[in-house]
Structures are given as C-alpha cells and as structure tokens.
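To begin, one chain is listed below as structure tokens, in the form predicted on its own.
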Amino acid sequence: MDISLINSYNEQDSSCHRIDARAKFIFTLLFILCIILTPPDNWSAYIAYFITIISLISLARLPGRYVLKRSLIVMPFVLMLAIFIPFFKEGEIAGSYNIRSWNLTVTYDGIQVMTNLLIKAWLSMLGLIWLTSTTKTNDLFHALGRLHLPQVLVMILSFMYRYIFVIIDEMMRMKQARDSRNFGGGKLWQLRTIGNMIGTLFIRSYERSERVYAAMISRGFDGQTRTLDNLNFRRSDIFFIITLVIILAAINIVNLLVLN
C-alpha cells in the first residue's frame, strides 16, 4: 500500500506546514476542547470555529474536495450513534410514528442534541485533518513524546502507523490468492473462508510482531525513539499559538457575553 494515499499533502510547503508540530497539536487539542464545551444552542460559536479552521485549511493550501471527502468518512459512524437520540431524549414531542406494535416519538430536544453532536464531530474532524495534513507523521509522534505523553502510548501509535501498511499489503495478497482460486460457493462457505483469512492474518501479524521485537532487542532497543530532526520553537510558532489561543478565547468570551 502506498503511504501517500494517506499522507497526500503533509510533504507540501506552506506557512502551516512550517509551524512546529507541538504548536499545531496544542492548538488542535484546544480547538476540539472548545468545540466540545460549547453549549448546544450557541450557533454563532460554531460559525466562528468553522471560519477559523477553514482559514487555516486555506493557508495550508489543502484542496476543499480532499478535506470534505476525508471529513465525511467518519460521519456515518457518528450518525449511527446519533440517530437514536431523538427517539430517547425526553422533551417536547416533534412527531409520533407507529411501526407495527412500536410507538416511536421524536422530540425537539433530541433533534437538537443529534444536530449538535454531528456538528461537533465534523468540526473536530476538520481540525484533525488540518493537523495530520500539515504535519509529517514522524514529526507528530516526536512532538507527542516531547510534550511528555506516555511513552508507551506514543510507541504503540508509531508502530501501528508503520505496520498498518504491511498488514494491509498482507491482506491484499491473501485476497488475491483467494480470488485466484475462484472464490465462490454459498454465503456460509464465503463467511467461513473470510473467517479463516482473518484468523490467518492475526497469526501472521502476531508472529511478525515477535520477530520485530526480537530484532529490536538484538539491536539494543531501550524503549526510546531517536530521530535526526530536532523540534525547535521559533518566534513564528509562538506567534501562531498565541494568536489562535486569543481567537479561541475571544470566541468564547463574546458568546458568553451574548448569552448573558
């Protein structure tokens, strides 16, 4: 699998790409926290967050179609969770539906909560897309380590990223071998074959991890990841993080004053 299929734009050169990875990670974390803590009926704040992240995406010169496509990938999974909220949230009834012996009622409060959840998830995804599309993956993991996140967690994420491509290639080879043997039969036979493939893939992944671990230990691995690139905060990085923190604070302060 080609890595560029996932990281298509993080090798570009723009003002956002040149910012220190730690500054971008801190801003993205604060951006998502502000979105999560925003009250459900505060639509002006959501519009302000959208303008902020779209401005950063434009500065990074990321194609709108690429950003939209990636941001909508996760939305079906969020919708699967949010779709039931209008039916279980108490409040003023917006409509009632009879499905055989079931009486389903939809409330206005439930619709508001569902809409709020979808908007928050989409804005958060835009922030994460901007972060991952403007930061090299190794720099991002290095930044997480420099920010003193648990070393084990950073190590697991870095290995997951490095070997997900190997596992996908292994899966594609197994699929090709299956298709070359005229994969057919009934649904039960197909499910059995797919189950055997999943089990085989798990065993191969486990055995590969054992070999990789043994190779790392034999080369003196001590749990620390060392890179040739050093992260250094520059004046532009400090200016970036201060400016955007002020913008986020101003959005929340203005909306608090308006609500009060």
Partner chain sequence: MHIPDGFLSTSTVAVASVISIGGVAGAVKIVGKELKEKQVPLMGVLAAFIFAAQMLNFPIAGGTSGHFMGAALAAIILGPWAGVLIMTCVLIAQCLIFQDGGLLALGANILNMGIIGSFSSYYIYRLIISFNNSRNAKLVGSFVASWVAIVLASIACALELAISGSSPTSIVLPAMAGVHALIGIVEGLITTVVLRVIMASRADLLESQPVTR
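Predicted model, so just to flag it, every value in this text is computed and none were measured. Residue numbers count along the first chain shown, from 1. In this text, rigid core is short for the largest set of C-alphas that superpose within 1.5 Å between two forms.
A second form of this protein, the form predicted together with its partner chain, is not displayed here; the remarks below concern that form.
Student: According to a 4.5 angstroms non-hydrogen atom cut-off, is residue 37 in contact with its partner chain in the model of the complex?
Tutor: Residue 37: yes, in contact with its partner chain in the model of the complex.
Student: My question is simply whether residue 107 lines the interface with its partner chain in the model of the complex - judged by any non-hydrogen atom within 4.5 Å.
Tutor: Contact with its partner chain, no.
Student: Does residue 81 make contact with its partner chain in the model of the complex, using a 4.5 Å heavy atom cut-off?
Tutor: Yes - in the model of the complex, heavy atoms of residue 81 and its partner chain come within 4.5 Å of each other.
Student: Report whether the minimum heavy atom distance between residue 143 and its partner chain in the model of the complex is within 4.5 Å.
Tutor: Residue 143: no contact with its partner chain in the model of the complex.
Student: Taking its partner chain as it sits in the model of the complex, which residues of 114 to 137 have a non-hydrogen atom within 4.5 Å of it? Please list them.
Tutor: Contacts from 114 to 137: 117, 120, 121, 124, 125, 128, 129, 132.
Student: Could you check whether the CA atom of residue 153 moves 2 Å or more between the shown form and the other one, using the rigid core for the fit?
Tutor: Shift at residue 153: 2 Å or more after core fit.
Student: Please say whether, between the shown form and the other one, the C-alpha of residue 68 moves by 2 Å or more once the core is aligned.
Tutor: Comparing the forms between the shown form and the other one, which are aligned on their rigid core, residue 68 does not shift its C-alpha by 2 Å or more.
Student: Please state whether residue 210 has a C-alpha shift of 2 Å or more between the shown form and the other one, with the rigid core used for the fit.
Tutor: Residue 210 C-alpha, core-superposed: shift of 2 Å or more.
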